[in-house]
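Considered here are two forms of the same protein chain, supplied as structure tokens in two stand-alone entries, structure 1 and structure 2.
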Structure 1
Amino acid sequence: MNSKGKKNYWLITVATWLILFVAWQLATSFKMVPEILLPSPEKVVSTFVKLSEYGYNGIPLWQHFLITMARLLSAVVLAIVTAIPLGLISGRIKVIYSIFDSIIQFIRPIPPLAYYTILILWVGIGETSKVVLLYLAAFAPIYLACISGVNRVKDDYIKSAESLGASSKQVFFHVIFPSALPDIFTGIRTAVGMAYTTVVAAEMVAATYGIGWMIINASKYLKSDVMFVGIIILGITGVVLDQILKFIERKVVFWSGQ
């Protein structure tokens, strides 16, 4: 796509958000929706400033944010260092695939809240249960992406490397792994999204801090302005994280799509 086309699409995106903002402003200005359900943009900004200055429930807003990010990133990192090796090996060795794939496929479609209470019984109500819940949400997309990436490696590439005298280890690290990297990055981006959508559920039970907890707690007292602040923070952070992953992917997997 040429630079002019990219510019036009960027303008469309900006215009879309401007229209949504104007519609939000008009709906609240003319009181088309009760303020308790839809606070005005001014109210949300004012609440954000107050939360930045005084915090929520005695805890600074930045600390709520960092706690949520620490839970999310620690879970995603754990998923990356465990799911990538297992997925790549499962894609190459059918015995390993037969052992683990059915288990992961069984867990994958289960909603996180369905087994969260079991995790609490097993590992307690502390940070461990929250991180494990996010870890389980992030693990499957990476694992499946690795298997897909391995299966899509052309046999010609493998046979060509072997015919030149490459060992199994060399084939794995110099042919299979690089070929699977685009799929792996797609899996990581999906995993971050899955873990991100689970973070509120993870902070629903036995938590006293975190952006997700702040949203849930504010909903109990109908503080819709606080809820909107939390939702907007999560939304913006999610976009930023995805853009960071895209940037890393472009630098690491520069040959993708060529």
Structure 2
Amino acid sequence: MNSKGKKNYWLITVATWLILFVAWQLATSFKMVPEILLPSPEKVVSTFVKLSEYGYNGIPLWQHFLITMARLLSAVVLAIVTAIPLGLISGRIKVIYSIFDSIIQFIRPIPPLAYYTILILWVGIGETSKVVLLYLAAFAPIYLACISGVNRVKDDYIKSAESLGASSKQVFFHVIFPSALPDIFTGIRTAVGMAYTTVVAAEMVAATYGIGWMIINASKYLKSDVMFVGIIILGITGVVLDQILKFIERKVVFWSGQ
């Protein structure tokens, strides 16, 4: 369509947010909803300012944020360095595929909270159990994306490369890997999303900092304003993270979709 049509849709999005915000403001300023269920926007903003200034539970807000991001990042990096090789090899070699695929298919649909308590018994209450939980959430999407990426490489490409005398190593790194890269990136984006949705659960047990922990701790004292601040931070961060990944994707696999 033309650019005018596009502009209209963008306006609708903005209007939706504006209406939601006005509704929120009205509902709280006319006291239609008890404050404990829905704190006013002013209260949420002032709580955010207060938290940024004094921190939560003696720890600055940015540290809560950084530790959560560090847990997420280490889990995703760990998933990338393990799931990509395993996924690519599984896509190429049937024996490897037969060994790993069913296990991963079995673990993939289980809600992480279901095995979290066992993870805690196995690896303890420290950082390891939290990162492992996020890692398990992030692993499968990357692994599966790699397999489908490899399967989608046109046989012609591989055959032409081989007929030109490329070794299987060269075929792998110069034909298969680049062809699968767009799929891998989609997998990484899904993986970050999956790990991100698990972040609060990961900080539920025996954490002493982190945005997810802050939300849970605030809920114990029914501080809905702090919970709102935490939720909004997580929401915005989630969108930003996805945009960053999209940006990197466009830079690295610029040929995708062409």
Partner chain sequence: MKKIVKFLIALFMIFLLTGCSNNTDTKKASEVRIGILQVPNDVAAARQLKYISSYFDKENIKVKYIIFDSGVDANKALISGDIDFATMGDTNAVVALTSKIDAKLVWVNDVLGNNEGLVVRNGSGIKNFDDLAGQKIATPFASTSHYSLMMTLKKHHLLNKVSLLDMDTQDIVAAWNRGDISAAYTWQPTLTPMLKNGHFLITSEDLRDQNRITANVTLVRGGFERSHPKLVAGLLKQLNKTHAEMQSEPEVTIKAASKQMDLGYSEAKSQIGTSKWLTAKQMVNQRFLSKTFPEQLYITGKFMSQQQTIDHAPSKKEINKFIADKYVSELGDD
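Residue numbering: structure 1 sequence, from 1. Worth saying up front: this structure is predicted, and the values here are computed from it rather than measured. Here the rigid core means the biggest group of C-alpha atoms that line up within 1.5 Å when the two forms are laid on top of each other.
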**OP:** Mind telling me which structure is the form predicted on its own?
**Re:** 1
Original post:
Comparing between structure 1 and structure 2 on the rigid core, is the C-alpha shift at Q243 2 Å or larger?
Top reply: no
Subject >> T16 CA shift between structure 1 and structure 2 in angstrom, with the core used for superposition >> reply: 2.4
